[in-house]
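Just one chain is shown here, as structure tokens, and it is the form predicted on its own.
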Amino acid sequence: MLLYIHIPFCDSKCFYCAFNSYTKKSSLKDKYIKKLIKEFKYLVSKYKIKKESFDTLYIGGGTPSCLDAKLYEELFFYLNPYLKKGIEKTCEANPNSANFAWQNNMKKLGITRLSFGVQSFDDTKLKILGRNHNKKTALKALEDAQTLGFESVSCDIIYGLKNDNIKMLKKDLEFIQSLEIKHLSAYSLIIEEGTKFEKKSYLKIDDEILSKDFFNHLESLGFIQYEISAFAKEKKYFSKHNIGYWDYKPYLGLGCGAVGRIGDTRYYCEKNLEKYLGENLEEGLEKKSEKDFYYDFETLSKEDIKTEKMLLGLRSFVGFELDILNKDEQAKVLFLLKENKLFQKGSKIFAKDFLLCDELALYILD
């Protein structure tokens, strides 16, 4: 089982960001941690989760590094008995807030892996994206993480912005190579509804060719693509938490806007921060539990589960079992195998090109 914890606080809102996050609500951070602990106890009891049940921990956001590391101490006191020994414990971080002292304290709490939202080492591009750090800050944060000796350090890069080109992306990779970063997540810019970029679709370029050139260059540098947006120098640096999602392991989601799935039930936690904390509740709002937590529940059908397993499998090195498909769908898979779009190892099916995975899945399921 996987454990995900959502931290919805940010120092500022990036122009492309559609994640559930809040700025200017720092006064609620302490109360939020206390509510996370309360929710964790509730979900552990509800789903009868035993000690040492979690294979990975991932703290995401928002910006987890905008919380003082000391705030996490009480949370980890309750989490630790339920975490297996020696597991991967990831925390997302932004260069502007993840200073040396913060990183050092998080390492002492047991974090083994930091994932930095760098996005670019080009100061002009960072300003267009609405990032509140610059190249110098990013390099310092990554150097600090290497100095402190985290087991793994990951770096996020965004591409597909207007004026992006392979020369600029190669420059970003030069910095990553010089710092000996072993894991990279590369995301194509998406113009999301509700973001500052929503009415600026001209900022997004058609990046199909750019993607292939960028990915080919990553391969030439020794990075292995093990998912549509994830690359690592060696298998030991693959994100175990994300692999758990793709392998369809159950996961407990904790925090404002978090999502969890236990068996065939997926739940969505309240996104509104004040409602999550139990403040300013609307009159007549239905309580979903006696513990004052508000969830929406979804029961996944066998067809839903099959579709998700195939989509997640095709977009990663995990693949999917052929026998989850019906006869007609299996016939389409056999056709794609002959066309060299898929390949088979044992009973599992894999995509030749992760960039084609969605189109292949739609063809198989249509």
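Quick caveat: nothing in here was measured; it's all calculated off a predicted structure. The first residue of the shown sequence is 1; numbering continues from there.
The form predicted together with a small molecule exists for this protein as well; it is not shown, and the discussion that follows is about that form.
Proximity to the small molecule in the model of the complex, defined as a heavy atom within 4.5 Å, singles out one entry of 138, 93, 153, 256, which is 93.
Checking 75, 173, 189, 184 against the small molecule in the model of the complex, a heavy atom within 4.5 Å turns up for just one residue: 189. Annotated contact segment (heavy atom within 4.5 Å of the small molecule in the model of the complex): 115 to 123, selected among 165 to 173, 241 to 249, 115 to 123, 79 to 87. Using a 4.5 angstroms threshold between heavy atoms, residue 61 counts as touching the small molecule in the model of the complex.
Put simply, residue 131 is close to the small molecule in the model of the complex: some heavy atom of it is within 4.5 Å. The small molecule is not shown here, and in the model of the complex it never comes within 4.5 Å of any heavy atom of residue 111. Not displayed here, the small molecule is approached by residue 158 to within 4.5 Å at the level of heavy atoms in the model of the complex.
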